[in-house]
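We begin with a single chain expressed as structure tokens, specifically the form predicted alone.
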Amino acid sequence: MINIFKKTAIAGAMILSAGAALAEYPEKPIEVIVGYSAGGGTDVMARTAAPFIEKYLGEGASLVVKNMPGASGQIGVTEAANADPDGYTLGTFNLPGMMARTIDREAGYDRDSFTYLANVVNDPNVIVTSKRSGLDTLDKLLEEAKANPLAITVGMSSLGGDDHFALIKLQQATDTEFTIVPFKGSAPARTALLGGHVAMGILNISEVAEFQDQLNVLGVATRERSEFAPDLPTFQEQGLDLVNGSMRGFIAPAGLPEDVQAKLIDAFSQLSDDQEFLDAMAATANPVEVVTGEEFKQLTSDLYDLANSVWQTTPWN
């Protein structure tokens, strides 16, 4: 009987201890590392989601966004992967780009380096051209590309990202060749387009929504028209089978305490039903698609396999 009381007391103490730890998190600001420059799609997602995650983590929670651009997002995600797994360092995570970085170069992380919290955005690609280029339709763009291989410069956020994969698909589908000009994120790529320093860009629909009057947006890489640009035709409508996009979410280092992981995933899970958050994301033309935990991990693994298969047949470096 005494042993039963002892076991009960010990179990109760453990439950109270775990509950106390959960109640205490977070005790200090949580840093969210963004591997791209401010103003790009990933940065906009992080800054838009932050106050809502704070709300669902509870009173006193604070998320601080820190931009660490460079190496196609690799610097930032490596920093997040190697941080202490205490819940106070999170990172943004782009697919398929972050998995492609582990294939085309030496990387300080792999798909097992993370605790997968949530994918939040599934953002389709668009092809845009500079107003100065004179290439204001898809037909004109492809006609020029076929007549003058490599003459058209293409600005994009990185090599091995969704935009690069979209260009590979475009070149294969149309038997064309373009000259790639990679930038440290989509914001500087868009700036170069606006200035006429590159002729064409492959971006995401959220990144051009506010600039449709300043750029030629030639089409969207979806099967159905986007709700954010219903007048914009898909490429399939124009006879080009091009469907592609970027997924963006949040990770933490592998080994996160289970109670902290559960609290974070619960906070992210509530985003999909938060109308204020959905309205805020709609205002920036970010299509929300929340996938959490193990499902997000499996999605990442599937896209790694896809990127690896592309690399085996069409190395991009």
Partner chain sequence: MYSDLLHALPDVFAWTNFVAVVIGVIAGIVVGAMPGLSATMAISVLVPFTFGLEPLVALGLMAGIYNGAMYGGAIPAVLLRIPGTPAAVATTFDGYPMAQKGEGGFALQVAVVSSSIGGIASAFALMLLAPPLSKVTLLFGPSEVFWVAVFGLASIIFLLGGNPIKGLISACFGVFVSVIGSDPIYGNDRFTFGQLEMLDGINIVILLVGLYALPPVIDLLETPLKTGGVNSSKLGTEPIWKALPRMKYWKTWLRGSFLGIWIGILPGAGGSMAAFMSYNEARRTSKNPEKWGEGEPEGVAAAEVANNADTASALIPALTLGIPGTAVAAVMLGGLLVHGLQPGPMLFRDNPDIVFGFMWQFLFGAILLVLLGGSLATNSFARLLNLPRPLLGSVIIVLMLIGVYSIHGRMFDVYLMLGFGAIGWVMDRLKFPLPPVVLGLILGGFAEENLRLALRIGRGDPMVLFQNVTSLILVALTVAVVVGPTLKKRFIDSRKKA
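Values in this document were obtained by computation on a predicted structure and should not be read as measured data. Numbering follows the first chain given and starts at 1.
Another form, the form predicted in complex with the partner chain, is not on view; read the next lines as being about it.
Contact with the partner chain in the predicted bound form, defined as any heavy atom within 4.5 Å, is confined among 235 to 243, 112 to 120, 184 to 192, 81 to 89 to 184 to 192.
Among heavy atoms of residue 197, some come within 4.5 Å of the partner chain in the predicted bound form. At a distance threshold of 4.5 angstroms between non-hydrogen atoms, residue 284 is in contact with the partner chain in the predicted bound form. Among heavy atoms of residue 150, some come within 4.5 Å of the partner chain in the predicted bound form. Of the heavy atoms in residue 105, some are within 4.5 Å of the partner chain in the predicted bound form. Of the residues 142, 75, 168, 217, just one reaches the partner chain in the predicted bound form with a heavy atom at 4.5 Å or closer; this is 75. A single residue from the set 175, 227, 136, 210 has any heavy atom within 4.5 angstroms of the partner chain in the predicted bound form; that residue is 210.
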